[in-house]
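Below you'll find only one chain, the form predicted alone, shown as structure tokens.
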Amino acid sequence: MRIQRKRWLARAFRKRREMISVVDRSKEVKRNDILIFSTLRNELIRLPYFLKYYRDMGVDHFFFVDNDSTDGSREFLAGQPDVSLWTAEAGYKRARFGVDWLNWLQFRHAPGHWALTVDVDEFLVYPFCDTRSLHALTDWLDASSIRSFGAMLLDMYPKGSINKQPYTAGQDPFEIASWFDSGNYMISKNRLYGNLWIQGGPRARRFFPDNPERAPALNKIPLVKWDRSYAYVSSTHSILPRGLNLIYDEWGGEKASGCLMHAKFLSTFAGKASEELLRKQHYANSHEYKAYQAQLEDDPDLWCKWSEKYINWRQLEILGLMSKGNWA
């Protein structure tokens, strides 16, 4: 594992040449700042709310890699005072789906900081997030000598057709996509890395009903107190050293965890799926987007009679999708 970790870091060092700095405000980052790292392409409509959400939560600085956007995302981000931005025209797949680019930026800018790695359609919900900032969470994690914080990806969706309610820039996406599956999840343990592997939810039952084992992974380790020796292996599903993957308690207790509310299924989804299918830059020959495209022709409704309407984080804890652990 140590050799593999060094190989991923060496690969990130080589891949740094694919990134060109658009604006670097990293000198403004202070010692205890919380940082976000993210890659994107053509996400201009999502960016205003994404930035507002995480600024309100307490994030201090954003590091973005723009993968050759053509919709104005790059120009918008370059004008934000708390954003450092790089652009990369190289293939997303050949950068291990952006992991190599972010591993390099984290190596350079994240050591000693809590780093949150998310896509622009992922919104972290954690215990007491309605009354306590992200800094309160990371202070407690520091005091408890916890270096990583896990979160299950929770696919959110509207009731009715995905295309029924148009999404507009700056809008809270969960005004539209306010429903989720409270069950229907499969959990196993990866023996190599020690991380949990979670699948299920609306994508498994609607897009992969005959092959649920091919549904996208929902396990994430998005929040980490970074060190130069760390490296993500597969998106934020697994990380090295392996100890960072142990975000669960095997002895009958519970460790604190959160959810990443996933605002993928909005009216923008069909266009995004078509674009990504043409680009062929996603995992396993874009089999996920092929499944989406096959179903989108029928204008699918992901809602079912077992769907739950989102209320707050306490609801997610009661349902067993996240936990406050020992944090009181």
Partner chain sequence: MSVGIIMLVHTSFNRAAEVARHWSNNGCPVVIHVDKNVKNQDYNDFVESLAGYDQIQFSTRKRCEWGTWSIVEATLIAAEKLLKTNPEVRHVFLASGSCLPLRPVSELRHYLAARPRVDFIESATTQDVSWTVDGLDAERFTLRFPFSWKRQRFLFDRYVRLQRKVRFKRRIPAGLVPHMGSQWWCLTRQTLTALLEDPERATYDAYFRKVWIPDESYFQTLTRLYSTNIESRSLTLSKFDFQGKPHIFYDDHLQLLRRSDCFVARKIWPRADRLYEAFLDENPNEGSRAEPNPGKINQLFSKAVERRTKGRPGLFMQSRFPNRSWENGVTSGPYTVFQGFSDLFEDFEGWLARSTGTRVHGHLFAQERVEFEGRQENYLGALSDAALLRDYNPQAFLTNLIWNSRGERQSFQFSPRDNQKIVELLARDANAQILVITGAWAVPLFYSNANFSEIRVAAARQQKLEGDFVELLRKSYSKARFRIWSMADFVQLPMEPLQGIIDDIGPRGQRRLTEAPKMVDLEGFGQFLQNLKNQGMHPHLVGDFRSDEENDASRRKQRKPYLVK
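These figures come from a predicted structure and were not determined experimentally. Residue numbers count along the first chain shown, from 1.
Omitted from view is the form predicted in complex with the partner chain, to which the following refers.
Q: Does any part of R5 reach within 4.5 Å of the partner chain in the predicted bound form? Heavy atoms only, please.
A: R5: no, not in contact with the partner chain in the predicted bound form.
Q: With the partner left out of view, is K255 within 4.5 angstroms of the partner chain in the predicted bound form by any non-hydrogen atom?
A: Close contact exists here: in the predicted bound form, K255 approaches the partner chain to within 4.5 Å, heavy atoms only.
Q: Flag M186 as yes or no: does it have a non-hydrogen atom within 4.5 angstroms of any non-hydrogen atom of the partner chain in the predicted bound form?
A: Contact with the partner chain, yes.
Q: Is there any non-hydrogen atom of D119 lying within 4.5 Å of the partner chain in the predicted bound form?
A: Contact with the partner chain, no.
Q: Partner absent here, but in the predicted bound form, which of 70-78, 170-178, 133-141, 107-115 has residues with a heavy atom within 4.5 Å of the partner chain?
A: After filtering at 4.5 Å, what remains is 133-141.
Q: Just one of L196, A88, M156, V233 has a heavy atom within 4.5 angstroms of the partner chain in the predicted bound form, so which one?
A: Exactly one residue meets the criterion: L196.
Q: Using heavy atoms only and a 4.5 Å cut-off, determine which of P166, G243, G160, P209 is in contact with the partner chain in the predicted bound form.
A: For this set of options, the contacting one is P209.
Q: In the predicted bound form, does every one of R94, T268 and D301 come within 4.5 Å of the partner chain, counting any heavy atom?
A: None of them does, since no heavy atom lies within 4.5 Å of the partner.
Q: Using a 4.5 Å cut-off on heavy atoms, what residues in 309-327 are near the partner chain in the predicted bound form?
A: E317, I318, L319, G320, L321, M322, S323, K324, G325, N326, W327, in sequence order.
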